[in-house]
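Single chain ahead, by itself, as structure tokens, in the form predicted alone.
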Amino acid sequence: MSVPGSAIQLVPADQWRSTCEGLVDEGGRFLALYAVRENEDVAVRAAFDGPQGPTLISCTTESGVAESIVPVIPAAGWDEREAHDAYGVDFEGHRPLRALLAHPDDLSEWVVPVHGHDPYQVAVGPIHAGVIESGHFRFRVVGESILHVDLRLFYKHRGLERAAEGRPLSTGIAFAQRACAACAVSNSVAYAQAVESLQGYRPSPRLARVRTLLLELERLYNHLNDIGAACAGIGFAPGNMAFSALKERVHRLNQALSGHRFLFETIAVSRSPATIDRAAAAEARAEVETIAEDARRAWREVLFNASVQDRFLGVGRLSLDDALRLGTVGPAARASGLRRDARSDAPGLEYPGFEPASLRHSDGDVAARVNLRALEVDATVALLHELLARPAVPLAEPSAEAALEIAPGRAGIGVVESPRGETVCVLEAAEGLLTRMHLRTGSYANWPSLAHAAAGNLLPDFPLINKSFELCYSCSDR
């Protein structure tokens, strides 16, 4: 979704929470919260998507203090903790305001206390046996039952958002792209749409088509990977190996089409560097069909294996009410019955008449999350079949410069459905240079939901629950 640059609406500090609550009551949906320095002060911004489109509101903190919106919008919990650690904002009403980016040695500063005679702690990470980013999970358990999980991510402190400040709008996209390799296209498109909304540029149908194609290629290999990861979580090697091989074939297809396995450098502001001729498109279309048929065959081995389904069913359940309360997005939300997909409202992309996939039984457990991805693989294959059947020659948009200057006091907001859910990019600029970039990915939005879904389950089932969400560490540590 891309809209004309939104005016930043100023709100008095004492009306901050009530204004946010009012936007939700009017049908608005929370997208993101972040802080920004304004001379000697710190301001807090919050983005909402409502019936009239995205809205960005702002209040200047009073001596570094702002009202917390968590009592009315629990999904903003991590956002406020991040703003506190990065900008020193103290959110009144958010108590205790535990550390998120900061890593204090004192456990009481970042974990939820559990009292009693039987509970004990199990600490996992931040270094893991696999080749993955650093992440620490601290479990409070009784016997083998999980009472609570505290997450500690943000180990790398890469500072991508801060590094982007002062860069030209056209080059800042590199920082969004590198937040996460597995969602490089999603993050890049969200950034590009945010810039284009600021500049008043409307993507042409050709540009919309190539971006949609790249987004669905990214979704295809991610969903295949995530189904295989769930199989790995229960030790079902045939499923893991089959879907890992399918994922590799999509990577090779990406390499052949774009020159990069993860589709890097295929998205740019107001244009596309990607070039795909008819012959390449026809070969890609045939390969997608072959991959799809092999994926269906592999999926049948998963779906009709009683031992596999016994391990998936009823584990890591996330209810619809909890998904709504926590602001869960993407396949995890849809598996809980929340039929929300940013592709249903994407005027800057080519998803005509798109309807999100839905399950007959949206139980919100591991089985639902894996089954939902299998359905979405079929939907993505159908989209790719159509997109590759009618490519432009070349399938690329020539360089274009936006005609409108950026008005002061406005922000650009881009919203894209990544493989893991809704990714939001908010940009502020002055004189053609970035003054603030905020990227809130689907993984960032869903980590609290993963922790909530783990409670009440057995500790040995946590790897399976974790893999059924298959969230990214890297794009949170931006």
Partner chain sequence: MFVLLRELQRLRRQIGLRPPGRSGSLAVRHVDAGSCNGCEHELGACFGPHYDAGRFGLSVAASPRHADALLVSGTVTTRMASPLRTAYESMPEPRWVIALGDCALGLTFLGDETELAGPVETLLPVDVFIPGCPPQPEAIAKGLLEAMDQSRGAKLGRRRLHL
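Remember, predicted model here, so these are calculated numbers, not experimental data. Numbering follows the first chain given and starts at 1.
Beyond what is shown, the protein has a form predicted together with the partner chain; the following relates to that form.
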Legend entry - Among 255 to 263, 272 to 280, 69 to 77, 350 to 358, the region lying within 4.5 Å of the partner chain in the predicted complex by heavy atom distance: 255 to 263
Legend entry - 4.5 Å heavy atom contact, residue 248 to the partner chain in the predicted complex: yes
Legend entry - Distance check, residue 143 to the partner chain in the predicted complex, heavy atom within 4.5 Å: no
Legend entry - residue 126, heavy atom within 4.5 angstroms of the partner chain in the predicted complex: yes
Legend entry - Residue contact check: residue 203 to the partner chain in the predicted complex, 4.5 Å heavy atom: no
Legend entry - The unique member of 121, 170, 134, 344 whose heavy atoms fall within 4.5 Å of the partner chain in the predicted complex: 134
Inset, instruction - Could you tell me which one of 313, 114, 99, 241 places a heavy atom within 4.5 Å of the partner chain in the predicted complex? - result: 241
Legend entry - Output flag, 323, 340 and 462 jointly within 4.5 Å of the partner chain in the predicted complex, heavy atom basis: no
Legend entry - Contacts with the partner chain in the predicted complex - residues in 449 to 478 whose heavy atoms fall within 4.5 Å: 474
